[in-house]
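First, one chain by itself in structure tokens, the form predicted on its own.
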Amino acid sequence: MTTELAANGKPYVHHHGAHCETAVTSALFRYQGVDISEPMIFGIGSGIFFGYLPFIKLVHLPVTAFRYKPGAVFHKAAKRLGGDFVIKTYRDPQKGMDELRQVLKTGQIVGLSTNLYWLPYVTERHRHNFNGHNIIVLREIEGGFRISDPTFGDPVDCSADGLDQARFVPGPLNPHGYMYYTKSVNPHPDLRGACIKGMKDSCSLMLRIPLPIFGVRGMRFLAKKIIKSPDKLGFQEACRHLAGTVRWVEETGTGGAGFRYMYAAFFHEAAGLFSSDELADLSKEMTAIGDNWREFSLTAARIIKQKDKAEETFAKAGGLILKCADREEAFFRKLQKVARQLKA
């Protein structure tokens, strides 16, 4: 932890985070005097999700989302916790940068969604084209801004031109200068009520979206695509697509398996808050589901590295995702019942 000063001289404590948006949201609340952990923010903000998006491509590969869309966790968590908050996007980059400077002068710290590749303080080996990386701007400095990036151990400096480019880079999922901050928060939020709302919303997202590419239906859709991919794409191209899926499971934005572990940590905290053995059991089950996703990644890595063309192993990889889908469907159906019985 490192203590910095915001524009108004108020101390800000930088924490290294597990995931950028939950860490930024937790930090914004902590700055206002309400200490809420990342897992609680993730659960209250209904961050858990799944979506296979073949019509959106990064580096020519379909996007596989293991959490809900960027910005939604902050919006839902802040609303459910009684925060007074501001969210803005911009068509004009100059206006977006001018408003950032104006808000900083009022003493607020500001969350931004950026493209990770264009942040100049990120080393070359860690850069990749990801339009949902969240950071906090603490204050303006000569030639740029002081940044609290939760993926770094300490605050960093960022040039004004670099931040401008990272906020307004064109392309798929362009952040459009997405900016957000809390004007005030409820000093005594209804944590129990917020947790229940987050749980019920997550159940709807995972079970009730009618389109076949979202929730547990989306998992099965992806699994079948993987199983058929050697025949449809050829072995090498199927391996390339499989490697892209593994990247979403293990690396991008904390990784899908990592989100499952964070959701398990949410239920561990919620079990204590509600004195609920059922929530404690759900925490253990979600940890096991995260392990299943990691098992898929290991199997996929072996397929990609093998020298022979044993296409039947794609069936095994797809079968592991089908197993995850079955377990997650059972998990969220059980959660539906438990959430109805909880009292705020």
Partner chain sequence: MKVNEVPQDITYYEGVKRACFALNDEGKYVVVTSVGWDDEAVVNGLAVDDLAATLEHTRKAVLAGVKSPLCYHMERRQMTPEILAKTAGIAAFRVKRHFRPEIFAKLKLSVLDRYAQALAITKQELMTVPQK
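Numbering follows the first chain given and starts at 1. Please read these numbers as outputs of a predicted model, since none were measured by experiment.
Same protein, other form: the form predicted in complex with its partner chain, not shown, and the subject of what follows.
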Quick one: from 192, 208, 126, 105, grab the residue that has a heavy atom within 4.5 Å of its partner chain in the predicted bound form. 126
With its partner chain left out here, work out from 265 to 273, 71 to 79, 106 to 114, 194 to 202 which stretch has heavy atoms within 4.5 Å of it in the predicted bound form. 265 to 273
Every residue of 13, 26 and 258 near its partner chain in the predicted bound form, heavy atom within 4.5 Å: no
Is residue 301 close to its partner chain in the predicted bound form, meaning a heavy atom pair under 4.5 Å apart or at it? yes
Its partner chain contact in the predicted bound form: residue 294, any heavy atom under 4.5 Å: yes
Please check if residue 243 has a heavy atom lying within 4.5 Å of any heavy atom of its partner chain in the predicted bound form. yes
Check residue 250 for me: does it contact its partner chain in the predicted bound form (non-hydrogen atoms, 4.5 angstroms)? yes
